[in-house]
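To begin, one chain is listed below as structure tokens, in the form predicted alone.
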């Protein structure tokens, strides 16, 4: 019901906005009318995936309509919004009562990705102000950006690297001159990352190691969210940007929270005499200082970039395992503490890479990443090497990517047992200027306990069609 109310609210809002715009345009000059028209653009995407093994089960079904609204209100202000209307997921019917719920039979949702007003020359001609829900993207690397920590991660599709949700924010940009500027960000409400869905649902969950003789019979958890006040929930960021002799660089700082929760307390409860237990966990979000730097340039037509972020926990992150219920006769509580993060030991995530467009229509992109989005602490950062080579044919209508994917190392000393391979070849065909059909496969392989090696049972075929307007 809330979804219906939200949809109706958006429709009413757009209708009223359209009426106001028409009224405003009717009294404007012809040139002003053309410049101030409401520009509507977007994309229709259909994304279908099925497994390559056994009975080829369907594992992903998404039909997404993206609508973008861009309106120049005056010479020094504009409005922008991006909305997703989606049919996503496969029907999950378990009882006959589900047949009466259209939301289960045909799952749909509406999501306001961005909606903000931008004011140019606010208070002074060198200051721009943006207020509302906005995507504030930081970093120079290709999708994998260690310094991009203002907006919450959108991990719904684990294969869509670099996707974030928008945040309700105040965004100030002050331009010193054409080459240098300062940016200040204030986000009043902390939003955690949303986790993967479907077959990827457990991809980021750590493997739980139990003492010998214990068997896990059940699990529950409680999420400890920060209080919604300035001290607990607010996120603040600042950035200095500049260009010197063709080198685009920036220095940044964020006082924020890790969007993925830490397991800070586990209570073990016996359920039988054979070692069966249940675990009740408390999950919390750590406050973190993040100092970042990035640069990008081009030398002889080759693009280069580098980006790094230093993560400094505000305090030690301790995981406490409470075993008191297993030892009821003990005169004192039986607990075991493990330090997950040490505030005196900051850790660095970084990425370096480059790309090049060849004269024959081919393109190559390479990146080396140290520390993926879910990895925290010096001892837990793995190395990722990503490579993509593509070539275009027939006036760029056909694009073939024979090499695409990555190689991951989790332990260099025991490489043969701690690696992962991701292979993602792709064929893309532009049927018209605004219609693209994409066929691809994803093959996972490897050994050890790491994100992509754990997906080796989920090799899949993917079909996508995009129509832009």
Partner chain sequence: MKDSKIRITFLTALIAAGSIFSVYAQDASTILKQMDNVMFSSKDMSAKNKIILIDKSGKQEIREATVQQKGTDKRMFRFTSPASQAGISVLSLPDDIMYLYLPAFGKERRISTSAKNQNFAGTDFSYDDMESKPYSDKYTSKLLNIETNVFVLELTPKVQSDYSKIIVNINKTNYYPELMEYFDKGNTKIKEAHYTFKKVGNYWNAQEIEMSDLKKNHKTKMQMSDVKYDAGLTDDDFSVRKLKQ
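Quick caveat, the model's predicted, so the values are computed rather than measured. Positions refer to the first chain, counted from 1.
One more form of this protein should be noted, the form predicted in complex with its partner chain, which is absent from this view; the next part is about it.
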(message) Can you work out which of 255, 358, 240, 219 has a heavy atom no more than 4.5 Å from its partner chain in the model of the complex?
(response) 358
(request) Check each of 180, 363, 385, 228 and return the one that places a heavy atom within 4.5 angstroms of its partner chain in the model of the complex. (result) 363
(message) Even though the partner isn't displayed, in the model of the complex is residue 54 close enough to its partner chain, meaning a heavy atom within 4.5 Å?
(response) no
(message) So in the model of the complex, is its partner chain close enough to residue 270 to count as touching (4.5 Å, heavy atoms)?
(response) no
(message) Whether residue 141 contacts its partner chain in the model of the complex should be assessed with a 4.5 Å heavy atom distance threshold; does it?
(response) yes
(request) Give a yes/no on whether residue 379 approaches its partner chain to within 4.5 Å in the model of the complex, heavy atoms considered. (result) no
(request) Look at the candidate spot formed by 61, 91 and 281 and say whether its partner chain comes within 4.5 Å of a heavy atom in all three of them in the model of the complex. (result) no
(message) Looking at heavy atoms inside 4.5 Å, which stretch does its partner chain contact in the model of the complex, given the options 93-101, 230-238, 195-203, 122-130?
(response) 122-130
(request) Would you mind checking 221-257 for residues with a heavy atom within 4.5 Å of its partner chain in the model of the complex? (result) 241, 243, 246, 247, 248
